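First comes one chain, alone, set out as structure tokens in the form predicted on its own.
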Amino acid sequence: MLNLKIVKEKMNEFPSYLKSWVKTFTGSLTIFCLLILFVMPFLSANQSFTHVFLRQFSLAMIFAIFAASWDLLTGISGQISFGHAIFFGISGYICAYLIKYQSFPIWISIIISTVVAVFFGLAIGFPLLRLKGPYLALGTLAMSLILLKLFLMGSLADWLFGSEGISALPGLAATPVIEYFILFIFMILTFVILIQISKSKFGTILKSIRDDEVGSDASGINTTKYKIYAFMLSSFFAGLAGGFYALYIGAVNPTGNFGTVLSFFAILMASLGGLATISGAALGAFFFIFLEYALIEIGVVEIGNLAIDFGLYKFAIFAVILIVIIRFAEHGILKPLLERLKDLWDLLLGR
């Protein structure tokens, strides 16, 4: 009865909490950005906009979910992972296999593939979480590379489909607009859930493990159990992103779904936005995807006798940008950006 009473009290507090949050500058800005994303498909009747620019937004939302899942594991719980593409890739492969070879409906395939990713999180997290710090990071990286090599082996092609993977998959939805809104809804749900987790008692325990694992262990917290829970939660959302990505691309293959670069994409996006913020992962993902798109669209630029292909050197440009951000905004761009926008807003209002 006491627990039920507490739950009812929390439910009654939630609307008032939401109302007070919306009245803050951060809350108002978040709602404004979401409204812009909501009306984006209706801003132009141009088909090229729908099929190209809108698809970039969809891709950014997929990677926002992926980056946020990594931020929960590393930023909130402090468990450094360099192999987060494991869950992303496994889910994508399972989803593709069920759809193409077992004729499962798309949504059933996404659900099953996400659950399989969670079991991989449990199977990998249980032994690897005995490692700590850089050893855990190297362990997850090694596991990712092992899976990549297994999926590339020609002798296992009958089971794992070899280097060609699985192609000719159906899209997530009939049109890019419907696909966009599906991903938009799932992105919002993901961030609401992850932010609430980070603010809950469970999230506080994860942060205490991140800040002082020895002290948390000494205080009676079963740190191994909570770290495994964090691994499973993180793998759930990474798997969700992996299933969406497979249908977005229309194919899966080892390098495209298990490649080490995908794990570092999640790290880069979360770091750009701000570690341990969760919401910073969305900003980092959108920044990353659209900067990459802009660099590819710019293409080759001739400066005198020198021709620079911005698309070819995009990773070097990203590295420079990340170094600059770390130098001048150690905790990512989300917090200083909000502070500058708040100062500008106060200035406009004459406060």
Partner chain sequence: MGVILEVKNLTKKFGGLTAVNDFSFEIKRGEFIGLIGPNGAGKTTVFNLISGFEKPSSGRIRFNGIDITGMKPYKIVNLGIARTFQLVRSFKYLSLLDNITVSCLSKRGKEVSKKTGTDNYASSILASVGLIDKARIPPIILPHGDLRKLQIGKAVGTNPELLLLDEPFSGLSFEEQLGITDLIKKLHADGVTIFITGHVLRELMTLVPRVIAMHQGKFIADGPPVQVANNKIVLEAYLGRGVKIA
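On a predicted model such as this, the values are computed, not experimentally measured, just so you know. Residue numbers count along the first chain shown, from 1.
The same protein has a further form, the form predicted together with the partner chain, not shown here; the description that follows concerns it.
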Could you tell me if Arg210 has a non-hydrogen atom within 4.5 Å of the partner chain in the predicted bound form?
yes
Hey, in the predicted bound form, is Ile205 touching the partner chain, heavy atoms inside 4.5 Å?
yes
Does the 4.5 Å heavy atom contact test between Gln102 and the partner chain in the predicted bound form come out positive?
no
So in the predicted bound form, does Ala218 come within 4.5 Å of the partner chain, heavy atom to heavy atom?
yes
In the predicted bound form, which of the listed residues (Ile185, Val192, Val214, Ala123) lies with a heavy atom within 4.5 Å of the partner chain?
Val214
Only one of 234-242, 103-111, 220-228, 135-143 gets a heavy atom within 4.5 Å of the partner chain in the predicted bound form; which is it?
220-228
Using a 4.5 Å cut-off on heavy atoms, what residues in 68-93 are near the partner chain in the predicted bound form?
none
